[in-house]
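Next comes just one chain, in structure tokens: the form predicted alone.
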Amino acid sequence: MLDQAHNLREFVRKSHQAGRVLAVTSGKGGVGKTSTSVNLAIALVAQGKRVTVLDADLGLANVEVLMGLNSFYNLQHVIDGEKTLMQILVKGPGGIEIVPGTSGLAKLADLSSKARQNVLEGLKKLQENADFIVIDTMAGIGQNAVSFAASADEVLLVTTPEPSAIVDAYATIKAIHARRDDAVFRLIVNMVASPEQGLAVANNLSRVAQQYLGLRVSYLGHILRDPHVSQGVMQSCPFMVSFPNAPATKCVHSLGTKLIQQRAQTGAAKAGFFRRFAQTIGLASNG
């Protein structure tokens, strides 16, 4: 009789990728990573895409807090086999769906084979029902954040013009690149005073990454510093919903448009998220 690990490897091998997996990450906290994740997801839905946000920030529930949600079930119930991932989905503002996170994600590699299979099966089902899966990772270069980012189809790296944020963003690029040398990076510069400031930050980071890592970091775009963003946080409602004409809202709509256009230009996203993620948690061979 085939053991569970063998069955799971077969499952990963046969899985095909439907949705495009985007890991939103940052070198440090406080740069607007979760806000970017949620509002970008809403922008993609506004353009006709089916989008699910996975809160992978160690169960801090930042995604839910940002939207004033308080779900009863979360990913821990999936890990424990009590619910399927599709059963814990929560409807959010702007037409997005949310997978509430859990601290159980912190040590996926230490879970039983069955528990890991529950997570992978849920992710597969998500991709069959979504055009985009947006993973809101932890900030920094911890194992959890790097594992999700290295497994995703693309890494959306959020930073600000603050010098320490730029330095930490480069450290994050370096850590993810060390784990996966063909990772695709797209930079978002948040809280900028002008488009020119965002471009300057992007050019600086891109130049350093090219010089020291031989790595191309593309610039997705900027989000202007806008008081409507903090007002949305205080109201527990994403600014894309509460302030549809705000400067930051227009910026995020532009980011969504660019992501969709880049997909059209490069063709379908290459398969591999399941295999990469399974390798990360020790359940797939390199063959």
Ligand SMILES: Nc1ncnc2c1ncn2[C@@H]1O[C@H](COP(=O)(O)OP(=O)(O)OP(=O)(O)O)[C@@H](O)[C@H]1O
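Heads up: residue numbers just count along the shown sequence, starting at 1. What you are looking at is a predicted structure, and each value in this text was computed from that prediction instead of being measured.
This protein has a second form, the form predicted in complex with the ligand, left out of what is shown; the following refers to that one.
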(message) Which is the contacting stretch out of 144-152, 126-134, 164-172, 186-194, given heavy atoms within 4.5 Å of the ligand in the model of the complex?
(response) 186-194
(message) Just to confirm, with a 4.5 Å cut-off on non-hydrogen atoms, which of 40, 51, 56, 223 contacts the ligand in the model of the complex?
(response) 223
(request) State yes or no: in the model of the complex, is some non-hydrogen atom of residue 233 no more than 4.5 angstroms from a non-hydrogen atom of the ligand? (result) yes
(request) Mark residue 229 yes when one of its heavy atoms lies within 4.5 Å of a heavy atom of the ligand in the model of the complex, and no otherwise. (result) yes
(request) Please check if residue 31 has a heavy atom lying within 4.5 Å of any heavy atom of the ligand in the model of the complex. (result) yes
(request) Although the ligand is absent from this view, report whether residue 120 comes within 4.5 Å of it in the model of the complex, heavy atoms only. (result) no
(message) Only counting heavy atoms and a 4.5 Å limit, does any residue of 129-159 reach the ligand in the model of the complex, and if so which ones?
(response) 139
